[in-house]
Ligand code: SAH
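Consider the single chain below, provided in structure tokens and representing the form predicted alone.
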Amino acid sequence: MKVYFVGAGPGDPELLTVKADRLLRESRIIVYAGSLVNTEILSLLPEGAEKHDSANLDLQEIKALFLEAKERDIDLVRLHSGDPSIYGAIREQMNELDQLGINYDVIPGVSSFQAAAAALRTELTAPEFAQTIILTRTSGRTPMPEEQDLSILAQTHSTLCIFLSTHKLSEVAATLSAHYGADCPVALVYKASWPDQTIIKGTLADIATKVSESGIKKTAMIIVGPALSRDIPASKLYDPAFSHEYRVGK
């Protein structure tokens, strides 16, 4: 048997990978990430599939499900929201599987930062302004290494995609304003790609107030940086004088 760590994507079932869709339709046992996974995705499961909400399980209880599936010789789908490799807490689960001698694969998914950029109809990189994207979060129950504090990351003036931090938006905006300027564009995308997706745009000076008035407190992506502006130089990629001889795929 094998355990498949599957990325459910940001929410829209049509953003599942083909492989993720197939594994879900064939699954007999699934452990899924509770309210973070759209119920429409769970509707893809075959009738009679065993479903376990990981929101109610600790690591040892999840390990017990892995072991039970091994004893029954049945593949198990471990469904994570977004992409499992980003704040997915899969490392400790894979360590347990290694100890149990159970094989596993990871199936990537579309991340919420990508879905948020799509919802904003923007590009996260901008010529001469931001050629680097940083995926980060603020500290919570999980502390941040000192050298990865927002005030340090902000010195790069990169495009910041900030996960799990809506509840600290006032603090985030104040910290970043010192480096990006209070007029730097910022957007918050709530439940990107879901039917109730909500977009709030502003600047570091006013975004916290706008979001507070909306009542949104979680399940949102914060994107900050000059790349959000349309008033920036055009890429040289399609300049008539630019040689495409050495263009490579991304």
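A residue's number is simply how far along the shown sequence it sits, counting from 1. This structure is a prediction, so every number in the text was calculated from the model and none was measured.
Here the subject shifts to the form predicted together with the ligand, a form of this protein not shown in this document.
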| Only one of Ile90, Ile102, Leu120, Leu164 has a non-hydrogen atom within 4.5 angstroms of the ligand in the predicted complex; which is it? | Leu164
| said: Going by heavy atom distances of 4.5 angstroms or less, which of Leu36, Ile62, Ala49, Leu42 would be at the interface with the ligand in the predicted complex? | reply: Leu36
| said: Among the candidate stretches 122 to 130, 71 to 79, 156 to 164, 176 to 184, which one is within 4.5 Å of the ligand in the predicted complex when only heavy atoms are counted? | reply: 156 to 164
| request: Flag Thr138 as yes or no: does it have a non-hydrogen atom within 4.5 angstroms of any non-hydrogen atom of the ligand in the predicted complex? | output: no
| said: Taking the ligand as it sits in the predicted complex, is Val106 near enough to touch it, meaning that at least one heavy atom pair lies within 4.5 angstroms? | reply: no
| message | I'd like to know whether Val224 contacts the ligand in the predicted complex, with contact meaning heavy atoms within 4.5 angstroms. | response | no
| field | Thr219, heavy atom within 4.5 angstroms of the ligand in the predicted complex | value | yes
| remark: Near the ligand in the predicted complex, with a heavy atom at 4.5 Å or closer, the residues from 83 to 114 are Asp83, Ile86, Tyr87, Ser111, Ser112
